[in-house]
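Take a look at this one chain, the form predicted alone, written out in structure tokens.
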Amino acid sequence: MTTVVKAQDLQALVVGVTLLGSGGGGDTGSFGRMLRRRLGDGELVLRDPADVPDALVSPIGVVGATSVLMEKLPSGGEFDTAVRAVSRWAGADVTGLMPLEAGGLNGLTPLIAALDLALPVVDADLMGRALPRLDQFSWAVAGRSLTPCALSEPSGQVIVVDNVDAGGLERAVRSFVAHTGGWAVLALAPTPVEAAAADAVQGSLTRALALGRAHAALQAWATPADIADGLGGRLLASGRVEQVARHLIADGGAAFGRGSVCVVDSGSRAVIRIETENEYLLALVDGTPAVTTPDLLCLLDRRTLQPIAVDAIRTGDEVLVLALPGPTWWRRPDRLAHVGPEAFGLTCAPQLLEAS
């Protein structure tokens, strides 16, 4: 299925990729505005892989600390530089793009790159949501190499990484961005579209757009249960944030923010504790695990219904706690091991919504 995105669709797309971010994935608002300026009165076509059978596709996106993007702004040439570098190394030109992840700002960055480079966008990605690590790309989980790949940062430095596994690439990326301003554009090698899509989450951008449109149709005065139904999810709580706790943990030389959010439901008085890292990972209702990653936990402002990021939630916020179905690609047990709660050090078996 081919999906056309026009200027009037951009707000829905921004909200949709934010919901797929499950509280993480970076600031979609700034990239949404950038995309709006690039698109103007034009349109973007999200291509089904079958529509571009001869394309050599590069998954592309931003890696590192997306929170510093507003401090070290893009120069505008990072996408082109990374794509050209990986094309030279691979000996084949990139003729199509797809997102590294559909959740958060990386659901938008390939669209900006596609407009800048005049390349088609394939409606598939390597996560179907936002996740924090490169070894959680679907290609890596399926046993495929993530190299060669290229990294380009705003000051103009470029590196190509080859012949390392996902863990080695993670370390190389962390080292590069730590010394060059905190973030970079990552472009994976040009890959025949059939092979690229075979181990990818297909239709993820179309899902984001559908989620955003469903969100736009919500009425703030609707009941919490109706709001959850409108988004195709399950209501866990409607209440007040009573506590937010945050701390840092070390993992392989990098520090990750870990924390928890406690919400007391205003009706039942049930206590919902949400364990967080870069995203919302696990929701417990009165101490019993209810929903876990890779399903999507989303906290919405009760008044505006806008999604609230992990790093923006505050004590006293009035919120709706919702669970939305995650990508079906991850539901196999061998894949769940890479993205379920135990992959984040949480001693809990995956708790997923019933498949529709």
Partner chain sequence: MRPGLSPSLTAMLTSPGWRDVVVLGGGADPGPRLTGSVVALEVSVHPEPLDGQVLVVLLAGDHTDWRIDALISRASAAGAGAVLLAGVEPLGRGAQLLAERLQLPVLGCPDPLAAHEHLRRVTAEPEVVRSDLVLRAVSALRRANGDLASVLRTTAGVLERPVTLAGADGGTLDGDPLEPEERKALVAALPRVPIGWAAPYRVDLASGAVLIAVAVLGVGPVCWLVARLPAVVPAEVAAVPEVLSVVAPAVGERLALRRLELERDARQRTSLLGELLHGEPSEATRRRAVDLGWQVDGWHTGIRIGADGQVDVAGRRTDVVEAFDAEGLQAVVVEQGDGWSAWITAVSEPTATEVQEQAATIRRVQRRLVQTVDAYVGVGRVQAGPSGIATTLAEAGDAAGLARGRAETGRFLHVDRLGLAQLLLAWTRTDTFQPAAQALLAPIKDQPGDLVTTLAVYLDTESSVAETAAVLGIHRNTAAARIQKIQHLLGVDLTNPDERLALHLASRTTPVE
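Positions refer to the first chain, counted from 1. Note that this is a predicted model, so its numbers are computed, not measured.
Just so you know, the form predicted together with its partner chain exists too; it's not on screen, but the next bit is about it.
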item: Partner-facing stretch of 298 to 306, 37 to 45, 61 to 69, 285 to 293, counted where any non-hydrogen atom is within 4.5 angstroms of its partner chain in the model of the complex; value: 285 to 293
item: Contact label in the model of the complex: residue 84 to its partner chain, heavy atom within 4.5 Å; value: no
item: Contact of residue 223 with its partner chain in the model of the complex (heavy atom, 4.5 Å); value: no
item: Contact test in the model of the complex: residue 88 vs its partner chain, heavy atoms, 4.5 Å; value: no
item: Partner contact for residue 165 in the model of the complex: its partner chain, 4.5 angstroms, heavy atom; value: no
item: Listed residue (266, 155, 219, 243) with a non-hydrogen atom within 4.5 angstroms of its partner chain in the model of the complex; value: 243
item: Position in contact with its partner chain when the complex is considered in the model of the complex, options 144, 273, 213, 234, heavy atoms within 4.5 Å; value: 273
item: Sequence-ordered residues of 323 to 352 touching its partner chain in the model of the complex, heavy atom within 4.5 Å; value: 346, 347, 348
